[in-house]
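Next up is one chain by itself, shown in structure tokens, the form predicted alone.
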Amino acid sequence: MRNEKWREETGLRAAEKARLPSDFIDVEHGLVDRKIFTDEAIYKDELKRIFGRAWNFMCHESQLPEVGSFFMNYIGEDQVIAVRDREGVIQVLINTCPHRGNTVCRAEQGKTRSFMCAYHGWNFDLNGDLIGVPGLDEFYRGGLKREDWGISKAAKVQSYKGFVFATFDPQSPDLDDYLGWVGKLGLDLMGTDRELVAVPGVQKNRIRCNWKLAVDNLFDWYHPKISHASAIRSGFFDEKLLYPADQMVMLGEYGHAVSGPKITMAEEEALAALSDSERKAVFDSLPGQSWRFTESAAETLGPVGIKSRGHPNIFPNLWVSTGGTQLCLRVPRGPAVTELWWFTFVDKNAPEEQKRKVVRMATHFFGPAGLLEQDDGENWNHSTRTCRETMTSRRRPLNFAMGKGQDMVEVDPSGQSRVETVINEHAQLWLYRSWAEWMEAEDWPALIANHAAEPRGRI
């Protein structure tokens, strides 16, 4: 019955209705059907079944410092306003007036006393309540109850160590349960024991690619030596930094993952041989990384997490970049367009020169002016375009089988699990496997009952 309902609700052509989301992902062989990157009906279903159910990152609490502070964001393609109300509670309001559907806010960020629709002047309090209607008595003559016509809100809004998330689905588990240890580790790799603040301004640019290709690239350590050869030749990046062979992968429930380089045994021994001041100097030389030297970092990240230098993704589309100084949202704008939002964070109590160094690094690494993402965006663009083609290329699946069946999941006594290996595609395949589970589940109870648990044994 669950599968039949999915077939009925999607707008796929009759010839495609026999295919379920799991039919597009061959987990056994590591193959992914190209159709999921270009099909309009699949994309529309993603907006409902993934973005409409998931906990979506909204902003950092430092971006809402006072009553009336607000930040505009999206859940899928729905524009929402994160705002601190008069009680100090963070609300997430859907940016549409219930009268004629006009937006009630057009600024991306700021501070206000209320939200007013510029069409007819309906005025809404910071919690979404309708507090003013021009001509309420004269024109409506008792026919409008203000308490029934406030702004619609997200079903739940919760924070994890200052990172604010919201969901449209009242059935969703609490944020803490949704993140699990892998999702929380991903955010803790930002250095959440520090007093983090968001740098004013968010870098935004659009790339003609599917949002999932932009997400799976963050786990990909196979491409840097080729794609970013110019950045290496320029001397701005060390080849060893962009192409580390020692990798560690952590896979969490609901699609969260951390994948990338680790601190090796040799590096650990070399660090251990240094004095405290020498070790601190090593971390201080890396912008925003001195926090890893602290005892609290080791306790927060755990014995496995403290070794990770990889990229986390909070499913569906929140990337924590290397070094923990940036977040990037891959905001969907249709099956073939993605908008990238880059947030930069600094330790509020760090020296000003350290803060400037973090911002300089963020500007040069990623975003529209970054040396790396210009290369990446070109790749994603071409990959998406060829997935639209109707001849041989469209019929041939993409290969995500690197390392498939070759590695073992190890479980630390702490409970943290990981795969320690070479460059691989475990996290990418986990992303697409999870995508199929989200797309096929009717509701949150079904997703909770049927999603894959953290893997054990051979992977």
Partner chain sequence: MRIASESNAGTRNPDGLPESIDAKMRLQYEVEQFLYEEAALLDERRFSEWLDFLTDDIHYWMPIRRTTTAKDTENEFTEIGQMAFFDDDKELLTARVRKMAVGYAWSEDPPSRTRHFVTNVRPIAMHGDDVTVEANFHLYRTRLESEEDGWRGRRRDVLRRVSSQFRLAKRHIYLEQTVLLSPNLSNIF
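Numbering follows the first chain given and starts at 1. Fair warning: this is a prediction, and the values are worked out from it, not measured in the lab.
Just so you know, the form predicted together with the partner chain exists too; it's not on screen, but the next bit is about it.
Checking Gly101, Pro303, Gly110, Pro134 against the partner chain in the predicted complex, a heavy atom within 4.5 Å turns up for just one residue: Gly110. With the partner omitted here, the residue from Glu77, Asp246, Asp193, Glu378 that has a non-hydrogen atom within 4.5 angstroms of the partner chain in the predicted complex is Glu378. In the predicted complex, the partner chain sits within 4.5 Å of a heavy atom of Pro368. Residue contact with the partner chain in the predicted complex: Val282 places no heavy atom within 4.5 Å of it. Not displayed here, the partner chain is approached by Gln203 to within 4.5 Å at the level of heavy atoms in the predicted complex. Put simply, Ile226 is close to the partner chain in the predicted complex: some heavy atom of it is within 4.5 Å. Only one segment in the set 154-162, 359-367, 311-319, 248-256 has residues whose heavy atoms sit within 4.5 Å of the partner chain in the predicted complex; it is 359-367.
Contact residues in stretch 207-234 (any heavy atom within 4.5 Å of the partner chain, taken in the predicted complex) are Ile207, Arg208, Ile226, Ser227, Ala229, Ser230, Ala231, Arg233, Ser234.
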